[in-house]
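Single chain ahead, by itself, as structure tokens, in the form predicted alone.
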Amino acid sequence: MTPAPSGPAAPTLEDPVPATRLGGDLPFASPEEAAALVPATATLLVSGFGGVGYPKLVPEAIAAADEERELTVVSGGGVGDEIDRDLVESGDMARRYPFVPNETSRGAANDGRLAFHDRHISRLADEVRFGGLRAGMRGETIAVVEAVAVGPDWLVPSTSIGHTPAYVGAADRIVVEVNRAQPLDLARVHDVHVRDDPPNRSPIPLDDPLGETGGPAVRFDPEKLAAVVETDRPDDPYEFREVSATDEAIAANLGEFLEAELDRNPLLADAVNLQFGVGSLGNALMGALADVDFGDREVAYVGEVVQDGLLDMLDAGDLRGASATSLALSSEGQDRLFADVERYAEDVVLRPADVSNAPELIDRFGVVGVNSAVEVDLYGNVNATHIGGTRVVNGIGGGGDFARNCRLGVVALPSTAVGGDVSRVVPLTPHVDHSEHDASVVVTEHGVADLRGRSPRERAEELIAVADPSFREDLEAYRARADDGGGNTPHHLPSAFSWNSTDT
């Protein structure tokens, strides 16, 4: 399995589509042979983001093998069941960064069978490269990544880039799954920029959110290429739930707020660069933009994932383009994009996640970030990942990157959970992902709480006004009780924590 020292040149920005999926004399292997390369204790750096672009056959073969393993698994974001179900159920996954996307992995993390540590997406590439995960990265480091094409010293990612460039650079050995179910023309949407090492890191050379800096290829040391596995298994498409009346009301309130903001905020005078969080609510909120009159401003998406709602906006001419790291599309969305990749590639660009989520670019382009949450407390602290402060339900993903660094941060969420029995506006959230300093605006189906420039007591008034009406009296009673104790941020802790339960 020794790779050839030379072969076809990697595709470039000028000529992005590789001539062939398999370029040169490559170390082909079956999934079982590739799985056998993974020792009993190892760190797997896997591609994938938003549930797409992840390796499928090799993780599945690892889970099916008789050998017992203790693996640390690091991805870019959410991946599929072949990793986060099969490797957990087989007992081979011992530690996980930075996301638990399904019931199996979440359950294992919550009952202690899986050591899970949440991380900000923008920092993860550097943490892998420079030892930030040293306590968890054990044994040999093996990158297992999906591609649409591979040569002796290069590969072209499939439906996501994520942290693939950093992972193949940091790995001791590389296994590539070449997926024939993904069109070669996906190379047209990829723009791989590998950042310099600190402390001599240069600025990211982008002065336009849709600009391009390089070609579609991820390059690596040819001595690292240990196996190439061929597959034709498609991604498990993203499944968006049906848009609810609550979603529609939140979207309408967001659209009304954005229209008003266009008139009063000089940040948005010439251009509007938007980001929406991953998931069904984020996808639904994109629909609100179709009814917003942006005038002659240029509108672009600058975020993490391209979802179906963005394709709708591109097709309608409502966006000049989208910059992300992943194509997290439904089955219908994938069919649309795959059938016309060349046209969409004129308006869509995928970047490594440490570029798409780079604080430098979020700030430079004045991004308006819209993300969801589990709950928000009366002073604007946001819990995006835990129920009752203890039970993890996903991971922070890129929400923290955008909440902290965007010029205007919006949290959009329903006012209740569990069929209306639980308020999502609470006195004090027992887990904080985004502090009160990073949340500017909160939108629910009941209105908009603009927290900018307001004192803690004023924030509480704004947030009670957008809570569900059935909980407002109790929230007001809490606020009065807390005020009796004084302080700049008044709390009555015994009452505050009585609102939280891990049963919800």
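The numbering used is simple: start at 1 and walk along the sequence shown. Everything numeric in this text was worked out from a predicted model, so none of it was measured.
Only in words, not in the display: the form predicted in complex with another copy of the chain, which the text now covers.
- Although the partner is absent from this view, E68 stays clear of another copy of the chain in the model of the complex, with no non-hydrogen atom inside 4.5 angstroms.
- Among residues of the shown chain, G287 is not one whose heavy atoms approach another copy of the chain to within 4.5 Å in the model of the complex.
- Using a 4.5 Å cutoff between non-hydrogen atoms, E60 does not count as a contact of another copy of the chain in the model of the complex.
- The closest non-hydrogen atom of A9 lies beyond 4.5 Å of another copy of the chain in the model of the complex.
- Between the options G321, P414, P183, G389, the residue in contact with another copy of the chain in the model of the complex by a heavy atom within 4.5 angstroms is G389.
- With the partner omitted from this view, the residue of D312, D236, D126, E248 that lies near another copy of the chain in the model of the complex is D126 [heavy atom within 4.5 Å].
- For a residue to qualify, one of its non-hydrogen atoms must sit within 4.5 Å of another copy of the chain in the model of the complex; none of F240, D308 and V341 qualifies.
- Checking 85-93, 157-165, 186-194, 199-207 against another copy of the chain in the model of the complex, the stretch whose residues place heavy atoms within 4.5 Å of it is 199-207.
- Along 257-274, residues R264, N265, P266, L267, A271, N273 each place a heavy atom within 4.5 Å of another copy of the chain in the model of the complex.
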